[in-house]
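Okay, so here's just one chain, in structure tokens, the form predicted on its own.
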Amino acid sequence: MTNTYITRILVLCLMLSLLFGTSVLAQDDMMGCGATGGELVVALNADLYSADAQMGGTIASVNYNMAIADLLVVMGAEGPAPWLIESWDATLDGVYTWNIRQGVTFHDGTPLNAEAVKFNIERLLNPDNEFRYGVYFRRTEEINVIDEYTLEIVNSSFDVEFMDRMINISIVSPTAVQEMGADFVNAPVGTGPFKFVSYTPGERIVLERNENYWQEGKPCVDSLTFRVIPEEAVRLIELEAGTVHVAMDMAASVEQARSAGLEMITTPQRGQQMVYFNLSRITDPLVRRAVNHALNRQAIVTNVFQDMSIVGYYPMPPSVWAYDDTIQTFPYDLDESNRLLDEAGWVMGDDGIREKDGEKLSWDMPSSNIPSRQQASEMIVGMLHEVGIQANLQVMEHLTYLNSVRGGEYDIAYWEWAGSTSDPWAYSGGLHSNYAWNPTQFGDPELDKFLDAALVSLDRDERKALYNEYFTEVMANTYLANIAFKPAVAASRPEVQGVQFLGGRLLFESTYIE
């Protein structure tokens, strides 16, 4: 059997999945309400970036977005599954045809159609807006309305991750955006199961039932309130007391929650936990490698996350098909860490902090005030101090921390993101020059080429080879320090039924309280 024949078979299988696999209903679409009425209270671990449902940035924000404004697709067990896009197909040269779900209306009574979806994409692409998800359409050359419910997206090439990325795109009412202008953020309008009522920053978001939701009989509850509770221990207390029904980000409280009779909802271990370097400041690869060797990853996993995470030395979990255990990694080794810092010319000072040319090896390290992330950051500070690196921890509100790191106002930072897909494109470490969430202040066009080529190849062996070259280069230069891979973990009270966890995102249209 020739390689050409095998490639053709792979291409055919991929095209069949694109053409026909999308007819499978998402799991949530199959569920009915076991009971109706009441208020559902959900605890988020962080505040929203914005009440505009097209502004993402955190899983807390995405959970809110999905409640008020439906996504184009959701992440099913085997990849993207239909939602507002009911079915789709694609050509090998990158032309995507989307069939928009019919009979859906926005909360203001206006219809969802192809024109509305086109408006939303163009809104994301508008450089005057700060929406981060516009980068997902960077290969898009044309957006053509074929008929009322058919939209054609012409990309410069086929892209294996294109439909995966659509799990982040919420659709809002063009009419409301145009009529309200800057005030839209104060009363956002989507197609989702819940309608906006109010938002008190740092405290709560109140939503009410959408009586005209396209899934008949849903949502099951009368109202949905999101409460912002950064402290995981407080979220657990409120769950036990019954003042909260569901809480996200509970990986550090699994045993306590189970002992209290709470239900745990988990995803595979795909969320990355890592240390980012500001590569415009920490430029010596020997120093970055020394940091990799100084990190006792297992201690962080055990003490902070109760062994829910799995240690990972480079940014791809073993469950991903492109994982390669031959790529060089740098496990915990204090002797090697000290040797590398000596080689780099940093001499241990009398105060236990290394010096070079009269300068202390001292770094700014912002930290989120989410307790588990603060605890991980504090442990990393202690580990670095063991080898003579002073990390000055600055604990700040979570959104302030995110903006600080994304803006390059740091030297080193502990970072987490919730994995939503098992495709290897998601584990590039955020190092691509054009990636919306690249906090490293780094871009290498030569390194980008590996990722770009892997996205447009339909040959899995070729893709794996490209990722191997990419990650080999990343690890050789120690552009980051991966820590572990974490599951998304939510907890709910036993009387709460029908919570869905798709791609690390919580859906509540089928949730009811017994």
Partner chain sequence: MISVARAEETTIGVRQPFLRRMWKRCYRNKATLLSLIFTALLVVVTLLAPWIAPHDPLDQDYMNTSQTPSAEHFFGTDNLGRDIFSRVIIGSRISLSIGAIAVAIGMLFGVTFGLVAGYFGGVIDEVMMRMIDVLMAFPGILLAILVVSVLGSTVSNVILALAIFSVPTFARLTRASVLSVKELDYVTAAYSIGIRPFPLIIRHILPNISAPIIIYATLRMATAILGGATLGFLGLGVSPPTPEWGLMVSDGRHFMRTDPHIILFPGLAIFLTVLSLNLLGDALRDVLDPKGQYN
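Numbering follows the first chain given and starts at 1. Values in this document were obtained by computation on a predicted structure and should not be read as measured data.
This next part talks about the form predicted in complex with the partner chain, which is not shown.
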| property | result |
| --- | --- |
| Residue among T105, Q394, Q441, Q269 with a heavy atom within 4.5 Å of the partner chain in the model of the complex | Q394 |
| Proximity to the partner chain in the model of the complex, single hit among N369, S87, S362, T175 (heavy atom within 4.5 Å) | N369 |
| Interface segment, criterion being heavy atoms within 4.5 Å of the partner chain in the model of the complex, picked from 380 to 388, 94 to 102, 114 to 122, 146 to 154 | 380 to 388 |
| Distance check, Q256 to the partner chain in the model of the complex, heavy atom within 4.5 Å | yes |
| is_contact(L236, the partner chain) in the model of the complex, heavy atom dist at most 4.5 Å | yes |
| Interface membership of E231, the partner chain in the model of the complex, 4.5 Å heavy atom rule | yes |
| The partner chain contact at N278 in the model of the complex, heavy atom, 4.5 Å | no |
| Residues of 293 to 311 having any heavy atom within 4.5 Å of the partner chain in the model of the complex, listed in sequence order | N296, A299, N303 |
